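Have a look below at one chain only, the form predicted alone, in structure tokens format.
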Amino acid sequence: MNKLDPLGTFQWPELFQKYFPNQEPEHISNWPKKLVEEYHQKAIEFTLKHAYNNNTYYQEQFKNHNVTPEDFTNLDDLEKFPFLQKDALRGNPWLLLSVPKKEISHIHMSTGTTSQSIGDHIYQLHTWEEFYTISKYIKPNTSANIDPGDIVIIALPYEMSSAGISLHRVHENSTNSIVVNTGKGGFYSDPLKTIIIMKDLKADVILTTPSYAMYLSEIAEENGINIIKDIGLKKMWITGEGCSNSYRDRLQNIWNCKVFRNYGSLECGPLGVECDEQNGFHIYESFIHMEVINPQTGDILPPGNIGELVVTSLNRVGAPLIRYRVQDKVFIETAPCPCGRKTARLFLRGRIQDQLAVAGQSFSPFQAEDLLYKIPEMGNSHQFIFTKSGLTLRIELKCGIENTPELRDKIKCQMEYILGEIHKIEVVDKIPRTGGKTVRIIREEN
């Protein structure tokens, strides 16, 4: 009997028993590349056979592309297999079910940010055993770890989304920290209550989204709470939304602590985590295999090239993902990180649908945001609004900064260096805050 398996009934997946015999989650980050590739080949081989033998959708897709699991003999063979498109999952909660339904213990539903209409949400199915392994092996293998006994605030959604409850479970099971579920955006999740809890308990760490971390700092200031003296965070983890380096730098200055990014998705679960170098996401290679493709042709791109992320799950039996197109724009760096870990690193450039197209050119929203928050007069929120007239940049200014034509011209000139022609700079007192995902890109062209 142990903390992870209080009933003494849990069986680790066979491949985990072979490649992680001591159940050490940090182990894979120090493996030689050849051993990682061997493990991925065996895990993908198992996944292809399991899906083909137990799921009608995968059987049909494989047959339509004239492939069988036996056609996979090395990692390069994975490109023979069809992609799994996000649209195939919409409104089909049981599409990927590959075990008897009674073996599924938990279902997460998408928050609806990419849903097109009622009934087209995406669902994530997990067996009980998968939750055990994720809880054990998701522990960040970085020097930015959460320490035993730390007071950890989970200011992420607990309803619908997988974010809050998943990370709650992880830190209860694998970091020996003290977890506090304040939530974010729910009925009881008032931001002032969260700040009061952090102050009363002297929180060490918070896990939240970038925009909500900023919002909490504003609520604290409005209520006379000095977040540095009255709370004194040791570190912050942000996830759930993209974030540029300069926005992260602003959070670090405001909260006076290091801020680390965590990357994942509803369908794929955990994907990557930053280390103290804050230079790319160390990929969770115990759980997933990644490819980067040309989104137009589907061809695999070599490391260092920007393209669309494709994920194949490893050791996932409830609803395995095979070549799932995540619709995020990324590139992968295979050179060792200065921190010494050997795992490949992923660099995120935003969702493909959120790329900023101005005058025929495409730009990463993070690239534009990074420049924007380097402007000293810039406040804490912004929106890119596309209309028939062109791009409007809606912004807040820092408290005490006067909204003058000269300042708007200065901001317009600096941002046009990246974005090309900007129709208008619109300065507002306050862009509405929300407990949900912050919408930075608004399209009103139609």
Partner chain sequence: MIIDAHAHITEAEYGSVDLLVKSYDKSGIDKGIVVPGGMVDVREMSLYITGEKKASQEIPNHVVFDALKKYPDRLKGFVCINPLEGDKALETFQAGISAGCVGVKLNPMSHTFAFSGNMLDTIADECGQRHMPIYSHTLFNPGASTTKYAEFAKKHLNTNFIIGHMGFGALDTHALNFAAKQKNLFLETSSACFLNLVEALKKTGANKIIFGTEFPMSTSAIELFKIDELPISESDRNKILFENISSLVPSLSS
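Computed from a prediction, not measured in an experiment: that's the story for all the values here. Numbering follows the first chain given and starts at 1.
The protein also exists as the form predicted together with its partner chain; that form is not presented, and the subsequent description refers to it.
Among E416, E38, E60, E70, the residue placing a heavy atom within 4.5 Å of its partner chain in the predicted complex is E416. Of the listed positions (K410, H65, K33, K49), a single one reaches within 4.5 angstroms of its partner chain by any non-hydrogen atom in the predicted complex, namely K410. None of 38 to 46, 386 to 394, 52 to 60, 416 to 424 except one has non-hydrogen atoms within 4.5 angstroms of its partner chain in the predicted complex; the exception is 416 to 424. Its partner chain in the predicted complex comes within 4.5 Å of no heavy atom belonging to I225. Not displayed here, its partner chain is approached by L371 to within 4.5 Å at the level of heavy atoms in the predicted complex.
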